[in-house]
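First comes one chain, alone, set out as structure tokens in the form predicted alone.
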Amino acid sequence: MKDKFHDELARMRAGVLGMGFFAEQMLSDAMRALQENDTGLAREVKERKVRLSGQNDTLEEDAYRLIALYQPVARDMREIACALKIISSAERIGRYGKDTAGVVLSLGETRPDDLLNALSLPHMAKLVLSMIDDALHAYETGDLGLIAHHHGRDDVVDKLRHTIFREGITYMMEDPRTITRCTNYLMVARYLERCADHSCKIAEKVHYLVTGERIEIR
């Protein structure tokens, strides 16, 4: 019975990890679609939301079933609690990817402009995606070194978002023709900031899983 439980626990863990990387890819592809004004890729990212929701529902049911059947304690219970929190954060990251894809579609098939790079959105996305990736790999390996500097990295992302906001307002004041595009880009910056926050949530739960100690990364 115990071996069966741990086999099922391992399968659930693999599913959680798969969902996390799936959500990360949604965000990454949405940002690529934004940089390249690729509406086809943006539509594809939006369509992945259905699969993401299905993964979330399945994994939630798996977790609750394991609790009901086996009544786990100690680390095994932490494993399941951690999984539930990670899939919640992963779903939000994927949703922000979908929302970013929606921005691409709202802007339409226009030529790429320099404003996106001027506001440092690709750089911000790279920072955020690296945080998500490290948090997920920490979950996979138990290597807390991957998330040791998450607090500082999140501070960098927060400061960058505020900088992007100020610069975006300046562009809009100097050239009203940029208002629509800048407004959309500022929304994307907010989405990225929230994704960084969710990577911190994942990191917190990984730390709890490995050590049994709760921490707050903010």
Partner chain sequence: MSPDTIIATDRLNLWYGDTRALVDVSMEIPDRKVTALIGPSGCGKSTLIRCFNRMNDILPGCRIEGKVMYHGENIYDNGSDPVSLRRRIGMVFQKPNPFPKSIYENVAYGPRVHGIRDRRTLDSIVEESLRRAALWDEVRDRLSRSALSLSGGQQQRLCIARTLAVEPEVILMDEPCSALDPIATAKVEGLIDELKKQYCVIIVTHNMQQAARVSDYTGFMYLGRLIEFGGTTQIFESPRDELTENYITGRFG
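Positions refer to the first chain, counted from 1. Since the structure is predicted, the reported quantities are computational estimates derived from the model, not experimental observations.
Keep in mind that the form predicted in complex with its partner chain is missing from the display, and what follows is about it.
The candidate site formed by 14, 18 and 139 is entirely out of contact with its partner chain in the predicted bound form, as no residue has a non-hydrogen atom within 4.5 angstroms of it. Residues placing heavy atoms within 4.5 Å of its partner chain in the predicted bound form fall in a single listed stretch, namely 71-79, out of 118-126, 71-79, 140-148, 93-101. Under a 4.5 angstroms non-hydrogen atom cutoff, its partner chain in the predicted bound form lacks residue 22 among its neighbouring residues. Its partner chain is not shown here, and in the predicted bound form it never comes within 4.5 Å of any heavy atom of residue 4. Among heavy atoms of residue 214, some come within 4.5 Å of its partner chain in the predicted bound form.
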